[in-house]
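One chain is shown next in structure tokens, namely the form predicted alone.
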């Protein structure tokens, strides 16, 4: 699943989702599968929100492939299709590939420039990855 709009002017999950989508995903990534009314109840602790609004957004997240929906009796239960860690891994890989495809060497240069302020452990990890790639070739 690929999120098609990455917002550079946002932070966290809001880079991938609208504000309500991000709040819903946060709730579902931090709990068990839930019915719409349970998600609505959690959202309502911060601000009143209409059940139909939550239902529409959750069903759109199903359509996008981010949530899975299953029926249990008369209730639909929702859960993320990936863990938060898997989602971030997938999206960051997609974004990196898109940037490399579109901008090539410029992206690599900017990433290397950004490493000047990186944690030494990250630099060591990168060096090991480069060595492994060289051995494969």
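Positions refer to the first chain, counted from 1. If you superpose the two forms and keep the largest set of C-alpha atoms that fall within 1.5 Å, you have the rigid core. Every value quoted in this text rests on a predicted model; they were computed, and no experiment measured them.
Missing here is the form predicted together with another copy of the chain; even so, the following discussion is about that form.
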Flag this candidate site as yes only if 43, 53 and 77 all have a heavy atom within 4.5 Å of another copy of the chain in the predicted complex; otherwise mark no.
no
Among the candidates 83, 92, 30, 47, the residue which, in the predicted complex, approaches another copy of the chain to within 4.5 Å (heavy atoms):
92
Would you mind picking out the stretch of 32 to 40, 105 to 113, 66 to 74, 53 to 61 that comes within 4.5 angstroms of another copy of the chain in the predicted complex, counting non-hydrogen atoms?
105 to 113
Considering non-hydrogen atoms and a 4.5 Å limit, does another copy of the chain approach residue 12 in the predicted complex?
yes
Answer for residue 16 alone: is it within 4.5 Å of another copy of the chain in the predicted complex, judged on heavy atom distances?
yes
I'd like to check something about residue 126: if you look in the predicted complex, is any of its heavy atoms closer than or equal to 4.5 Å to a heavy atom of another copy of the chain?
yes
Is residue 7 close to another copy of the chain in the predicted complex, meaning a heavy atom pair under 4.5 Å apart or at it?
yes
Going through 34 to 69 from first to last, which residues have a non-hydrogen atom within 4.5 Å of another copy of the chain in the predicted complex?
none
So with the core overlaid, does the Cα of residue 120 end up 2 Å or more away between this form and the one not shown?
yes
